[in-house]
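A single chain comes next, written as structure tokens; it is the form predicted alone.
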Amino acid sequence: MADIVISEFMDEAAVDLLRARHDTLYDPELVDRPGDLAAAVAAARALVVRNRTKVTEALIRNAPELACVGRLGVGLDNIDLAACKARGVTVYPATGANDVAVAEYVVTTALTLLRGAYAATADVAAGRWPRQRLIGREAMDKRLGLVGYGSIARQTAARARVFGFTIAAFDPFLPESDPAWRDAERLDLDALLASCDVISLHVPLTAETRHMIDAAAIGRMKPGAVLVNTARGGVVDEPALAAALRGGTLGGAALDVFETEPLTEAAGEVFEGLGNLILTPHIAGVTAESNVRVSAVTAENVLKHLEALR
């Protein structure tokens, strides 16, 4: 039986690093075969996952040798942290390794939605010339509101400033004395929603943040504002967002995360026909470069933990 089990895709160089030291099972499709996953981890000491593998109390209970879980990313809502703690299983997120990828995604989609000029290729090629329809907005002198002001949000702010955005943020867990506030206006959530041209979400999914952006919150947003969610799908009430986009209350939205993942055809019907919407498959933090960094950090964390057990 394998000492290390990897249930989702990982950079091959990092996999080879693990294989050189330990018996390793690398099967990126294992996430879709829960029975095989449970059998594979039964004797494993380390499990490496992304966001789709559910590390449940039952899985942990049936893996008595499990000592650590390496997370190829930073979100931990797919891992039962209480069960891990109770069993003494250490969880290692790849903190900081995909910050740049997410920040670039946020700024890129915000600029795309504000400008609104990039979805008319077929019209232009067909000889139609929809110039007036494609007159959009600039980033200069717009305000970017960050809900949560951790490392990814700060990387986003740094890139957004280059385009002329001013920065505001809401983060009740970041003390007012923190030096990060020197570069951003500290606002409560209602004030941020009401005053910002672009809202970007950077919060974990908890009982408090579930549907934080619901119909009432959207109703408090600035008319024509753009919403970007790279955090977790449950933070946004998707039917309320779709209704606001259809009604013209919002200027656009980009969603990289969804309440149902992978997004099914049935769950995706709520977004049907929306032209001012960008949907991507939980890929904001995954680039060729970030995959190398995330994989390397995770491999190093797992190797150090297993070495310490000797």
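From 1 onward, residues are counted along the sequence shown. Everything numeric here is computed off the predicted structure, so don't read it as measured data.
Just so it is clear, the following notes concern the form predicted in complex with a small molecule, a form of the same protein that is not shown.
Remark: Arg71 counts among the residues lining the small molecule in the model of the complex, judged by a heavy atom distance of 4.5 Å or less. Contact between Arg50 and the small molecule in the model of the complex is found at the 4.5 Å heavy atom cutoff.
In the model of the complex, at least one heavy atom of Gly75 sits within 4.5 Å of a heavy atom of the small molecule. In the model of the complex, the small molecule stays beyond 4.5 Å of every heavy atom belonging to Lys222.
Of the residues Met10, Val286, Val297, Leu17, just one reaches the small molecule in the model of the complex with a heavy atom at 4.5 Å or closer; this is Val286.
Checking Asn229, Thr156, Asn98, Thr109 for any heavy atom within 4.5 Å of the small molecule in the model of the complex turns up a single hit: Asn98. Only one of 265 to 273, 62 to 70, 278 to 286, 33 to 41 places residue heavy atoms within 4.5 angstroms of the small molecule in the model of the complex, namely 278 to 286.
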